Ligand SMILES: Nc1ncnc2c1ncn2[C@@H]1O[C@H](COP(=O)(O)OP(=O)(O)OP(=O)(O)O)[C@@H](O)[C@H]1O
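Just one chain is shown here, as C-alpha cells, and it is the form predicted alone.
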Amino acid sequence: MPGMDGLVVLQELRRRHPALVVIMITGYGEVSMAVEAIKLGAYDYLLKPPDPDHLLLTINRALEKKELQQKVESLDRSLDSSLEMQLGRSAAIRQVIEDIRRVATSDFSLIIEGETGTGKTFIASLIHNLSHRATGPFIALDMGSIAESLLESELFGYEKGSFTGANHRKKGYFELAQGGTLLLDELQNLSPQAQSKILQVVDEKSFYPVGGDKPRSTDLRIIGATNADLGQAVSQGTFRQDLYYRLNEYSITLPPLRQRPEDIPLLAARLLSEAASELNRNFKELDDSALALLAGYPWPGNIRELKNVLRRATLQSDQRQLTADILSKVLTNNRCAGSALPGSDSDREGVASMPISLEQAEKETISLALAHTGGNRTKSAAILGITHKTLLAKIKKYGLH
C-alpha cells in the first residue's frame, strides 16, 4: 500500500461512498487500531488470517445491515412523500416536516403555534402516529371549552361519592390518555388555577382524582397548541413561565397559508378528492383561473377555510371543472368579507359590498353542513373538520335546529 495505510484508505472510501459498508482485515492486532477503525466508520475489524466461517458470518451481517439501511431509506422517502402530499412542498413546510420527524421519535413535550385553521391538531396527531406511543390513545382537549368549575374533575376524574351526583368513578383526560398523547389545545385559555394544576402534574408525573387519597402516576406525552404568542403572554404575566418552559421542550410554528401559495395546488387536489368521496359527488378539478384565484386569496381561515370553500364548491357545482367564476361565487356566498379577490372587478366588489361578521359566516357554514346531512351532527362535524362536542356548542350558541 504505497502512499497510505489502511486507515487512510478507510477514510477515503467513507468520503467517496458514505453508504458503503467496510470490513477491515489487518495483520496488526492492537486494540487502539481496532477502536480507531470503528470510529472512522468500519463495520468490523478482523485479524489476518481470518477464520473463513467468521469472515462469511461477518460479510453476511454486513449485507444484512446494508439491506436494512436501504429499507429504512426507502421508508424515509415514502414518509417524506406522504407528509408532502398531506402538508405541501414549500420551503416553510419542509422545515415543519423536518421538525415533525425530529421530535416524533423523542418523548419531548412540545408546543405547536399557528393561526387558526393552520392544522395544529392534525400535526399533533401526525407526531403521535409517528411516535412509539402510536398504539396508545390520542386525545385532543380544547381548554377553552371546559368550565372552570369542572376543570379539575374533567382533567383528573373523580371517585364515587366524592360529591353530590358522583354515583360512579369517572376517569379524567390525564388517565384516559395514559400510554398515549394528550393535546391541550388553546393553551392561552388556561386560567391561573388550571396552569398551576397542570404544572404540578408535569413536575410530579402523578395526580389525584377529585375525592381520591392515592396518587395515580402518568405515562403520557403532552402537546400544547395555541394561536397566540405564549412568549408574550409569559412576558405579560398571564401565562406561567415555569409551565411554559416545561411544555416547550420543542416548538413547531405552522406558517399561514397566505405565506405558502405554492402549496395550494397540492392541498386543493387532496381536499377536492376527500370532498368528492365524503359528499358522494363526482371528482372536481381546478382550471388555471381557479388556481390563480386560490393562490391570490389571503385565506384568513387558512387550510380550514380552503377546505370548507372547496367542499362547498364540490357540493354546489355540477361541473367537473371548477373555474374562478364558480369559486368567486362560493367565496362570496361564504361571506369571506374584506379580502382582495383576484379576478373581475365585479367579483371583488361583490365580496367587499357584503361585510359580515366571522360569527355570521360560521353560523351559515354550519347551517349548510346540517342541511346537507339532514341534521346528522356527527357527519356535519366531520365535514366541518371540528369535534362533535364543538359542533354541539356552536349549535347551541347560534340557536340552530
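Since this is a predicted model, take the numbers as computed values, not measurements. Quick note: we count residues from 1 along the sequence shown, nothing fancier.
Separately, the form predicted together with the named molecule exists; it is not shown, and the next lines address it.
Contact here is defined as any heavy atom lying within 4.5 Å of the named molecule in the model of the complex, and by that definition each of Glu115, Phe122 and Leu271 is a contact residue. Not displayed here, the named molecule is approached by Arg304 to within 4.5 Å at the level of heavy atoms in the model of the complex. The closest heavy atom approach of Glu186 to the named molecule in the model of the complex falls within 4.5 Å. Of the heavy atoms in Asn227, some are within 4.5 Å of the named molecule in the model of the complex.
Although the partner is absent here, Met143 lies well away from the named molecule in the model of the complex, with no heavy atom inside 4.5 Å.
None of 99-107, 85-93, 147-155, 168-176 except one has non-hydrogen atoms within 4.5 angstroms of the named molecule in the model of the complex; the exception is 85-93.
In summary, among the residues Ala233, Ile252, Ile139, Leu267, the only one with a non-hydrogen atom within 4.5 Å of the named molecule in the model of the complex is Leu267.
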